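One chain comes next, on its own, written out as structure tokens in the form predicted alone.
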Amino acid sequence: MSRVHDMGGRFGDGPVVPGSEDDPIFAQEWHAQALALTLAAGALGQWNLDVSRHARECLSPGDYMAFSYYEKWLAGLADLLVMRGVVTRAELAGAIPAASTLTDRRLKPEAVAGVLARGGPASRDGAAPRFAKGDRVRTRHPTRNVMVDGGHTRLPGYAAGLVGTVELLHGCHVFPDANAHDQGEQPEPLYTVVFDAAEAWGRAEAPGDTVSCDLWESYLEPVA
């Protein structure tokens, strides 16, 4: 069962209107501040990228639909800060903060550029791939995290139960279904799988259209 963020293929949400190449990177100044605050909090080492994604997915459906993109980021971050004991609800409400035990982990300004340049690669050593380029595979149905009830998964709802073809192998990557719930990285082979758009959406915009998804091995089963 999916959460409200899993919106691919839904009717009624209006067209996707891409911005112009000339648009500023941040539409408003506070958007940049929200991004910086999220990165700085992540540097404290109290959660990983998949945990933070799941926090945003767990916003109530009403809030998720009402909030803008960066409002979702801030709401998810506030939940994480409280859940992981980094700050208290009272501090978020304006109380004088207590001394933090995480002070030594603070990302100093002179280190920011280097940290951002290194990024957060998710490739890892792991098992040999079960599937090869050109193999026919079927995605798991229904889409759900089979390790944690209601947990994070990167298998989109519209792709559940579809038959596709393996197009690319990417080696092993951190498995988000485990990593989002502090169960370790448990790296798995990651593939790009191509599906017929008409089968995914019920109707393709043009004949021959395809949909590509990057999917972990445990999302897939072989098709004879």
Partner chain sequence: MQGAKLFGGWREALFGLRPKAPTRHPLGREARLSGIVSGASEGHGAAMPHDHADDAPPHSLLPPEPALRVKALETLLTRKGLVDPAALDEIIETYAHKVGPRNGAAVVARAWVDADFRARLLADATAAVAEMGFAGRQGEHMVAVENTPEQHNMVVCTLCSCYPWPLLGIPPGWYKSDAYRARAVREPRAVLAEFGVTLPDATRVRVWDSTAEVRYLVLPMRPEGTGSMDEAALAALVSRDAMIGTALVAAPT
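Every value quoted in this text rests on a predicted model; they were computed, and no experiment measured them. Residue numbers count along the first chain shown, from 1. Take the two forms, find the largest set of C-alpha atoms that superpose within 1.5 Å, and that set is the rigid core.
There is another form of this protein, the form predicted in complex with its partner chain, and it is not shown here; the text below is about that form.
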{"property": "Touches its partner chain in the predicted bound form: residue 167 (any heavy atom, 4.5 Å)", "result": "yes"}
{"property": "Residue 160 within 4.5 Å of its partner chain in the predicted bound form, heavy atoms", "result": "no"}
{"property": "Partner contact for residue 79 in the predicted bound form: its partner chain, 4.5 angstroms, heavy atom", "result": "yes"}
{"property": "4.5 Å heavy atom contact, residue 156 and its partner chain in the predicted bound form", "result": "yes"}
{"property": "The single option of 134, 150, 142, 121 touching its partner chain in the predicted bound form, heavy atom within 4.5 Å", "result": "121"}
{"property": "Sequence-ordered residues of 195-219 touching its partner chain in the predicted bound form, heavy atom within 4.5 Å", "result": "201, 205, 206, 208, 209, 210, 211, 212, 213, 214, 215, 216"}
{"property": "Threshold 2 Å Cα movement between this form and the one not shown at residue 208, rigid core reference", "result": "no"}
